[in-house]
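Have a look below at one chain only, the form predicted alone, in structure tokens format.
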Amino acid sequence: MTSVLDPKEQAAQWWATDIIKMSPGVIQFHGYPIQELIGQLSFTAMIWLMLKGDVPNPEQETLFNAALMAGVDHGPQAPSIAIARMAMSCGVGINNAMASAANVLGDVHGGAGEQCLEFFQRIQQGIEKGLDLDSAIQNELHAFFASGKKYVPGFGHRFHPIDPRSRPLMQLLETAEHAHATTGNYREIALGVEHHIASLKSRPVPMNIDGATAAIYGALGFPAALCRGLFVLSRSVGILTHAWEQNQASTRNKGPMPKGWLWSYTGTPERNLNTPEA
């Protein structure tokens, strides 16, 4: 016979969570009282605690912090940043501007890290099944390009011949590996993919920040689906900063092009409503 919960217990089970315990005078995150965390735990470590349920060791925190910090901004040419600034010039609140910007961080703008880690994880699975590194990489690259795709997410950059963020991140990943703070073969996989793409393309296609952070998040044990959320969290710092700077300016209703510039019209030439078409 099925027992029926009383209404109060039913309500308590409605949003049951492992994350937070809260009652009058009590706030605990994964069992840690907030008063013990304040002043002891960094914001980066708090993000880790919330997502993973425990506190990172120093090497993990350093690496995680670097990955989050490196992606905070890429200037107003990035659509999300431009949208935040345009929204702010329209007189909305800063939260509206931030939400408008975050809402465009999808598969094309903001999703490469997740896609790259999924790619790396398939290679990692091949290694775990007994393939050597090169064979696992070659198999995935062959399947990737055979599907009609041309650009491996996480490699190449439309602005930077060499992304200045990638190398220091990979160096920190190597340091964390030596400290046994990571899992998997993600650094070797990322560097191996970079090498094999260059061989296939007959030219270097350097790893970008999405490839470097994908390797880091994979090595730190984060699921690929979390990569996009972590990128949004990181880029929100730049979004907030640009929105606030725009708020200090006097420009109103700032559009995507400077005043006086117009778009190219590619439609039907001018015609008269009362003149029959030839």
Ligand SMILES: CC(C)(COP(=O)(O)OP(=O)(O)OC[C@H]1O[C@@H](n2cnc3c(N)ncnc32)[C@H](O)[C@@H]1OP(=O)(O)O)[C@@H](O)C(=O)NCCC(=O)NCCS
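The shown structure was predicted, so the numbers you read here are calculated from the model rather than taken from an experiment. A residue's number is simply how far along the shown sequence it sits, counting from 1.
The discussion below concerns the form predicted together with the ligand, not included here.
Not displayed here, the ligand is approached by G154 to within 4.5 Å at the level of heavy atoms in the predicted bound form. Residue contact check for S80: none of its heavy atoms lie within 4.5 Å of the ligand in the predicted bound form.
Contact between H180 and the ligand in the predicted bound form is not found at the 4.5 Å heavy atom cutoff. In the predicted bound form, at least one heavy atom of I197 sits within 4.5 Å of the ligand.
Stretch 204-212 is the contacting one of 204-212, 97-105, 181-189, 123-131, since its residues have non-hydrogen atoms within 4.5 Å of the ligand in the predicted bound form. None of M88, A136, A112, L173 but one reaches within 4.5 angstroms of the ligand in the predicted bound form through a heavy atom, and that residue is A112.
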